[in-house]
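Below, in structure tokens: the form predicted on its own, a single chain.
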Amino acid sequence: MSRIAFIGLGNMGAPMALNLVKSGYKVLGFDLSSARSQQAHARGIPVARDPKSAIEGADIVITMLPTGKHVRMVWSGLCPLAEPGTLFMDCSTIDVESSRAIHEIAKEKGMLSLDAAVSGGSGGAQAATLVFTVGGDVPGFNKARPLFERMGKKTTLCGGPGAGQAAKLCNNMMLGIAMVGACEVFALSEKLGLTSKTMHEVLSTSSGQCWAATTYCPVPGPVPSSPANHGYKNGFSAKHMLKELKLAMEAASLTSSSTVLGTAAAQMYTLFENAGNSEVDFSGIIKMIRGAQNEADIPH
């Protein structure tokens, strides 16, 4: 069974690494934050004293880090230290340009490489129900396949280097646009005298149906599991949605692509975050769309 080094033990990395530990893999983790390292160790994840120690003897190295800059730095430092043929797999949410660049770093050192972007949030990481969109070659994908099965429920090989990250950004741009649309529809229907239950029933069975409205419903009541029923907490935060939209807009700029709706959604989530709602679930933007007059009217 593979020996795995897991670099980055935050809200996503720690539960992913723990699921691998529970599946019997030999995992050695590392995080620059001593607090996160201690928390991971307390949960049952062996922790190394430094990245170099973490990758000693590892045949798979997984990174889950904040930005493309961090991933480039870690891969540049660790690839020369690993055994040739080691699989480097990045699960971070980063820009497509950086994602492609790290594949080149790995290739130059004789490593296999994958960008394996994840969707599903911290809840999906804990429940091992993540969705992986993967970029890279078939040998690397086949080597990682058993790990995907332990950490998630669905994995798609989307193409070559950077394709997994590109697919995720496109998907989440669609999600951001759809959520704004769903919130506008519910806000309008309320003013037209329709109940949220009625509108949800119509959207769920008619041509306007979409995941944002029917499964992750932005109003309390119709879908008990949605964050709307829990004060818009413990879901996919507005700051994370804004990060995804900004990365998508960056990709659109680099490829001279027209993204009128994506740009509008990014602008709206910027306003929402600037109003002090970074940690609010992204569906909470319905409060702003309804016309909240001040910050106190927006859920925190």
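From 1 onward, residues are counted along the sequence shown. Because the structure is a prediction, the values reported are computed rather than measured.
There is another form of the same protein, the form predicted in complex with ligand NAD; it is not shown, and what comes next is about it.
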request  = Answer with one of Ile286, Val280, Leu20, Leu9: the residue that has a non-hydrogen atom within 4.5 Å of ligand NAD in the predicted bound form.
outcome  = Leu9
ask   = Since exactly one of Val74, Leu157, Ala101, Leu112 fits, which has a heavy atom within 4.5 Å of ligand NAD in the predicted bound form?
value = Val74
request  = Indicate whether Met64 is a 4.5 Å heavy atom neighbour of ligand NAD in the predicted bound form.
outcome  = yes
ask   = Just to confirm, Gly121 within 4.5 Å of ligand NAD in the predicted bound form by heavy atoms?
value = yes
request  = Report whether the minimum heavy atom distance between His70 and ligand NAD in the predicted bound form is within 4.5 Å.
outcome  = yes
inquiry  = Under a 4.5 Å heavy atom criterion, is Ser189 part of the interface with ligand NAD in the predicted bound form?
reply    = no
ask   = Out of the stretches listed (52 to 60, 258 to 266, 271 to 279, 33 to 41), which one is close to ligand NAD in the predicted bound form, meaning heavy atoms within 4.5 Å?
value = 33 to 41
query = Mind checking whether each of Thr93, Lys168 and Lys243 has a heavy atom within 4.5 Å of ligand NAD in the predicted bound form?
reply = yes
